[in-house]
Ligand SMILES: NC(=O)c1ccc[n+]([C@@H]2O[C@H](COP(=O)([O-])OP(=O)(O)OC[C@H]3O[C@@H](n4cnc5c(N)ncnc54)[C@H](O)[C@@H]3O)[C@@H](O)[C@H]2O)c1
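The chain below stands alone, shown as structure tokens; this is the form predicted on its own.
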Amino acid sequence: MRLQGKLAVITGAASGIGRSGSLLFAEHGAHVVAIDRDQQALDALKTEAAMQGLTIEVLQVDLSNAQACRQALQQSVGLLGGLHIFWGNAGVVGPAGIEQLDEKAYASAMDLNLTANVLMAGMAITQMKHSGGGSMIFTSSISGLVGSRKSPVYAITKHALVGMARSLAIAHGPDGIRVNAICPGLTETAMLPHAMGRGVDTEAMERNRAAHIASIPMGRVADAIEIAKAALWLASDDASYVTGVALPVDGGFTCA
């Protein structure tokens, strides 16, 4: 059990990568608070955890609201009694381009993908200092390593998360806090059809998907659990000398 007794907060935890990660972290002994805005999905997560003999606390929070972010972290620490792991995973694809920009969609993407992580990370660092150190992970993307033709706003936020991880790693290494970014490639989640299909019909969406898969050396998309397992490693003491890293989990896409 690689996280035995660790106290962990995971955002965007009710579906996709976050859901897989919440169950995996709990399976490996962590006490997990799962945060998401979808109460129904959180309830389903908690039920599945219980069926596996695991306990996951859940909090329904809209992290696009700054005050809600602060309250969520504070409440999570209250439930856990401390904090060793913070995984900022919540995010949205955002607008498809910047010509005739939908400013509301832009602001929403910035609030959830970036500002929520900045606010919660600041509070998490304070708590981790009290706990004698910890591990912080941000879910970036391959779009945080290379440009994105179809999703420039998403790429902006994901590049920023990589920059934040590296900066916080430098600043808080002396505090025993490791900070890393995980950079998934195309992953089989509910977000994938939206990312592939904005502004196009189903046939075009399938062509987009096929074209992207053709550019992946491993020739397939990832399962959410594969990304979660990489995050587990970063969170655990197995990665005790790893900080400031932007780890691609992308089937070789960024090598090509």
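Numbering starts at 1 and runs along the sequence shown. Quantities reported herein were computed from a predicted structural model and do not represent experimental measurements.
Only in words, not in the display: the form predicted in complex with the ligand, which the text now covers.
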Of Asp62, Glu206, Asp223, Asp43, the only residue with a heavy atom within 4.5 Å of the ligand in the model of the complex is Asp62
_Residues Gly21, Glu57 and Ser236 are flagged as a possible site; in the model of the complex, is every one of them within 4.5 Å of the ligand by some non-hydrogen atom?_
no
Exercise. Verify the contact flag for Ala90: yes if a non-hydrogen atom of it lies within 4.5 Å of a non-hydrogen atom of the ligand in the model of the complex, no if not.
Key: yes
Check: Looking at the partner-bound form in the model of the complex, is Arg37 within 4.5 Å of the ligand by any heavy atom?
Finding: yes
Answer with yes or no whether Pro248 is in contact with the ligand in the model of the complex, where contact means some heavy atom within 4.5 Å. no
Considering non-hydrogen atoms and a 4.5 Å limit, does the ligand approach Thr139 in the model of the complex? yes
Assert contact_stretch over 120-128, 166-174, 78-86, 151-159 against the ligand in the model of the complex, heavy atom within 4.5 Å, equals 151-159
In sequence order, the residues of 99-114 that place a heavy atom within 4.5 Å of the ligand in the model of the complex are Leu112
